[in-house]
Structure formats: structure tokens, C-alpha cells
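Next come C-alpha cells for two forms of one protein chain, structure 1 first, structure 2 second.
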Structure 1
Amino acid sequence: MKKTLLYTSLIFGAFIFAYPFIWMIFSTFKPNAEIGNIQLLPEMWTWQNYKLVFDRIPIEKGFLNSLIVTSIVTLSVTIFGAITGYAFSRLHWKGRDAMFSLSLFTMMIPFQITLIPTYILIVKFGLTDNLAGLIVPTMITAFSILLFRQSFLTIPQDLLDAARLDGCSELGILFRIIFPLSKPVVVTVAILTFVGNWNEVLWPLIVIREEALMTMPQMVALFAVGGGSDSSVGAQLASALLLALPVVIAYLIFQKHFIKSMASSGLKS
């Protein structure tokens, strides 16, 4: 009886939590006149909202640009964060703790404070209207360094010492021994980086002006608030759903590793 009540409560809570997203999905198939109604299923199904999205914005090009930028950033953050996290956790050098504290301090600085200096640097390097302008400033993050460091501290030191005795280099230890043992944190960093960069709107709006180079979130934002949707709520919801689908799919695929890492990372200092 207790388990029945528990699972009933959990199912009810999950439905309440997921209902807005479910409502959004079905609303994309409704005419605008029906969206304000209470019922979940549309009385008259239509693809007009999606047709308007694909007619007004080059969503395929935006998807490709976002995929290129997000994939490169995710790969670089994972690799550079792991290397730096390994240096902070397993290598002994002068000033290590001070540098780690400094990297943590940068997490407390809002992005808006560094926005203008970063943009000036991007202009000086000639990276405006270039996908590199979206990639370079985000190739490593302090949060990824923190997660990798905390995870690497849980690896037994004897295992690493044995690898050094066998002649393995530090990078070899990292990528041949530690990486295979740290799948949950690798997946977590990858998912968080992917989600954060996929949904980024402000920085692309500042750096990119050419439509051919715009990312998908940028195109969706301009479509929703720039007049491209003709104030059609259904079309705006359809564009938002298309934007969210890759993130939802990625999480569903890797959720097991993600939950495992969030339950274990950061417990050892």
C-alpha cells in the first residue's frame, strides 16, 4: 500500500511538472483561435504553425550552425576541463590551490560584466560575423573544471602510481585510465555544456549579423519577437518546440549517467 501511494504521488507530480510541456506540444497543432481553450487535444489538427516557421526562417541552416558551434564547444570544454581538473587534483605544483580558488571566483562574476570587454576582444580579433566568435570565448569553463576535479579526486591514487611505474605519461593516465572511470562526470559536463550553448541567445545576437551564420536560438528569438511570426502564438510555440527537441533527446539518451554523476560529484573535497 505504501509503495502504491508513493508511486501514485510520483506519477501525479510528474504529470503536473510535465503538463506545460505537453500542452505546448499539442498547442503547436492548434489554430490560434483554439490555443486559449482549456482542453488539451485540438479540435482541428493543423500543420500551419510549422509551415509558417519553415517558410519564414531557414531553420535547417540555423540548426546546422548551432550543431557546429555546440559540438565544438562541448568537445573543447570536456577535453580542456578534464586536463585542467586533472592538474588541480592529481598534480602538485606551486600555487595550485590559489589558481583553483581563482577559477572558482570567476564563477561568481556575471556574464554581463565581462560582456563588453569580451566583445571588444572579438572585434579586435576580427571574429564578428564568424562562428569562431561564438566558439572561442566558451571553450573552457570553471564549472567543468570543478566537476572534473571533484570526480578525479575519487580515483584511487595507487592506480595512478602503478600507471606511472609502467611508464605512462600524465596525458596517458588521464585519457586511458581516468576518463574510462569517469563516464558519469564526462556525460554531465557534456550535457550541461550542450544545453547551455544550444540555448544561448544574447551572445549570438551581439556577434552575428548575417542570417546565414545565425544559430537556431537566435533565429527563433528574432522570429518570435521580431515580427516574423505575425504574432501567431502557435507558430511561436512550434519554433520553441523545434529548439527544445535536441536538448530533450540528448537528455533522454544520457539521463542515467547524468543522474549518477549529479548524485556522486562534488562529495569529496
Structure 2
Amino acid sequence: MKKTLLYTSLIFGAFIFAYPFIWMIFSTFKPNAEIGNIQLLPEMWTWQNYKLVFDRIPIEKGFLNSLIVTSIVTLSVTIFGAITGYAFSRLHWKGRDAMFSLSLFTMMIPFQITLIPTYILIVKFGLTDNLAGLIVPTMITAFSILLFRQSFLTIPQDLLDAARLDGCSELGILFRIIFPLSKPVVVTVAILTFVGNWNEVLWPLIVIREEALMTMPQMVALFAVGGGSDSSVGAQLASALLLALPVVIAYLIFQKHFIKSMASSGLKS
């Protein structure tokens, strides 16, 4: 009896979370007049909504732009995060602790305060309407440094000493010895950065105006708000589904890593 109640409740929960997505998938194959109906399956299947999306916005370009930006940012955040995290944890230099406090402090400053000056900086560098304008400001993050630092602190000093005796450079130690030992944190940083960056929309809205350079979420958001979709609900949903697809596929393949990484983001406090 108790079990039945438990499963009913769990299945109801699953229904609440999954049904909107299922409804969205089928709705993208419905003619617009049908979308308001309560039944799930289309009476008349159509590709029209997808056709309208591809006709109106270069969404494949948006995908490519997002991929370029997100890949470079993820790579850069991981590498520089590790290097800096290493410097903060295993090297001794003057001002290290002060610098580390400063980087903790930057995490406490809300982005609202730096948003407009950073935009102006990007304008001055001539990086508006340029993918670099999306990449450069987020190439290194304090959060990734913090995660790497915490993880690197647990590595035994003997290992490093041995490597130094063998004549390894500091970068050599970091990437040949420490990196392979720190896979979990590398995966965590990479996934968090990737998902966060892929879904970012406020900053691209500010920096990119030229359609051919827009990221995918930006393009889809503007398609839905602006007149581009001819107020076709089906096309708006289709564009949203296309936007969701890459991350959802990655999630379904690497779900254990996703869940663990994103949950660990909550443990910093």
C-alpha cells in the first residue's frame, strides 16, 4: 500500500517533468491551428514548422557559433583554471594568499556591477559583433580556479617532489602528473563551463547584433520575441527544441557526470 502510494507520487512527478517536453516534441509536428488542442499526437503531421525556422534564421550557423564559443571557453577555463589553481595550491610565491583572497572576493561581486563597464570595454576593443567578444571575458573563471585548487591540495607532496627530481617543469608536472590524477575535477569544470556557456543568453544579446554571429540561444530567443516567426507557435517550439537537443543528447550520454558535476557546484559554500 505504502509502495503503491510512493510509486504513484514518483510517476506523477516524472509526468510533471517529462510531459511538457513530450508535448513540445509532438507540437512541433502539428499545424499551428492544432497546437491549442489537448490531444498529444498531431492529426496531421507536418515539417512546416522546421521549414519556417530554417527559412527564417540561420540556426545552423547559430549552432556553429555556439559550438565555437563554448568549446574555446571550456578549453580555456579548464586549462587556465588548472594552471592558476596549481599556482595557488602547490607553488609558493609572494602575494599568493592576497591574490587568492582577491579571487574569492571576485566571486562575491555580483555580475550586475561589471556588466555595463565590461560591455564598454568590449566596445573599445572593437569586439562587438565578434565571437571574441563572447569568449575573452569568460576565458578564466575564479570558480574553476577554486575547484582545481581544492582538488590539487589533496595530491601528495612526494609525488611532486619526485617529478621535480626527474627534471619535470612545473607545467610538465601539472599536465603529465596532476591532470591524469584529477579527472573528476576536470570533468566537473568542463561540464559546468560547457552547460553554463551554452545556455548563456544575456551577454550575447548585448554584444552580438549581426545575425550571422549570434549564438543559438540568442537567435532562438529573438526568433520567439521578435517578428521573425510570423507568430507561428509551432516554429517557435521547433526552434526551442533544436536549441535543447545538443545539451539533452550530451546529458543522456554522460548523465552520471552531469548530475555529479552540477550537484558539486552546490557544495562550494
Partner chain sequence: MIGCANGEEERVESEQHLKTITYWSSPNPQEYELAKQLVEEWNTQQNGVRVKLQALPAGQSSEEVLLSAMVAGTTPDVCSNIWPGITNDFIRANGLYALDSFEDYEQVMGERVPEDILESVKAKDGHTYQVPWKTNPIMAQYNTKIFRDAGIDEFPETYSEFLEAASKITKDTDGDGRVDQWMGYRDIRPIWWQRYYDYYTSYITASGGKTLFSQGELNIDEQASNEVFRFYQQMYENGYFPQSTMQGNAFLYNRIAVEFTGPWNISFLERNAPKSLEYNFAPLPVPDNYEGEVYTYGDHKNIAIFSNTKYPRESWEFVKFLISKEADYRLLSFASQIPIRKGLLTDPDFVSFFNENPKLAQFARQAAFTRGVDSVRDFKEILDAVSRYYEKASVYGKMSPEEATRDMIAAIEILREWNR
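Please note that residue numbering is based on structure 1, beginning with 1 at the start of its sequence. In this text, all values refer to a predicted model and were calculated from it rather than measured experimentally. What we label the rigid core is the largest C-alpha set whose atoms superpose within 1.5 Å from one form to the other.
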Q: Choose the one of the two that is the form predicted together with its partner chain.
A: 2
(Q) Rigid core superposed, I'd like the Cα shift of V53 between structures 1 and 2 in Å. (A) 3.5
